[in-house]
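The chain that follows stands alone, in the form predicted on its own, written as structure tokens.
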């Protein structure tokens, strides 16, 4: 792999700086287990300084009200991202283990191409919206709804789609007029710190407006939830951590915006040819080694076609190409870390203990002597209430569950604390849509159709999160509402 040119320093108050205590932590390639470089290990003092800079930039500059200036700054960032996309793509492949095929799509290119959506909203959104006139005590009144930036945003992002998720928070937060402190996952720091370098060198974004603090210490990120100077915290990650973010933010009644876990179900209805659709589940769960919150990790098959469907899926998973993420033939790369590999293997063993049948996979691949890989794994005969059917595994593991009839399938699909995504395969779109309306999730795919795009409000029901990311709805998460009344 060519020189990655990873940025070692954090962006704090308009400067690229090392950690205040000079410490660094290693950035490891999960496909080779090799150290590709280091990154500044931000301290609590560094985070304190970043929050203070963001607070000052919001309170003492016109960033939040100068919409045309924000638009121009974000257009500069768009150009910088476009120029740097090859470099950014190589970083995502190296530190996240993302297959190059996926890196050319949603990991990097898809979202860089979509970034003008946010710069256009920065300058084109209707921040002053007239409401209907009214009469109060005989006097006519006119009213205006003002949409204003929330203030200082703390953004905490995960490692699975690092560049995309960093931009998915940075883009709308800045476009709406907020200042920002971004704390990326320590597994993928350069996907954030390189953004800091682009912002400093290629844009006119003022000092303090955007701060990026990488750290191996998770308590540094936790400061964002507790600090009263932070007005909003947006977090993408596990539901367990999301609960902690919400609890910490409750002390200061700050706005909390969470995109959390999922255990999404695919329902294969009995009116469609099984051999055409069942294998799709096996492919989907292997994409980026199953490290996606919206991946459909439960497949529900009609009882009368169950064994046939299990074998079709198993054959597909046995033939998934995986290994070196730089090989464009590989759909699947490694898990992001040794810790994540061990976690996934433990879930597979738990499935065995709870009675699931391992049809294919189930361990570490024998043909790969390096990297944090797990074989594509199919668990059949899974109890809908078992651990592997209820908890997010975040690996290339698919649970297959039989159902008796349509009502049973809907019941099993909804038997979850989550509600992020799902899919339905049917010979009748009308029937599929009727079932989709009864599944408690934020997104649904019918017959393989793709819902994801920059204008799609993405998020979940129940413990899959609070709020929506992307689209106008995602932009408005970063705005407050103020109603002003005037005499007419």
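Residue numbers count along the first chain shown, from 1. Note that this is a predicted model, so its numbers are computed, not measured.
FYI, the form predicted in complex with a small molecule isn't displayed, but the following is about it.
**Report entry** Option from 382-390, 308-316, 252-260, 325-333 whose residues, in the predicted bound form, bring a heavy atom within 4.5 Å of the small molecule
**Finding:** It is the stretch 252-260.
Output flag, 171, 178 and 199 jointly within 4.5 Å of the small molecule in the predicted bound form, heavy atom basis = Negative, none of the three is within 4.5 Å.
**Request:** May I ask you to check whether residue 118 falls inside a 4.5 Å heavy atom distance of the small molecule in the predicted bound form?
**Result:** Contact with the small molecule, no.
I'd like to know whether residue 395 contacts the small molecule in the predicted bound form, with contact meaning heavy atoms within 4.5 angstroms.
Residue 395 lies outside the contact set for the small molecule.
**Message:** Is it the case that residue 184, even though its partner is missing from this view, gets within 4.5 Å of the small molecule in the predicted bound form, heavy atoms only?
**Reply:** Because a heavy atom of residue 184 falls inside 4.5 Å of the small molecule in the predicted bound form, the answer is yes.
Residue-level contact is defined here as any heavy atom of the residue lying within 4.5 Å of the small molecule in the predicted bound form; does residue 58 satisfy this criterion?
Residue-level check for residue 58: no, no contact with the small molecule.
key: Candidate from 415, 241, 287, 110 lying within 4.5 Å of the small molecule in the predicted bound form - any heavy atom   = Looking at the other structure, the residue within range turns out to be 241.
Residue (of 411, 218, 142, 352) lying close to the small molecule in the predicted bound form, criterion heavy atoms within 4.5 Å: Selected option: 218.
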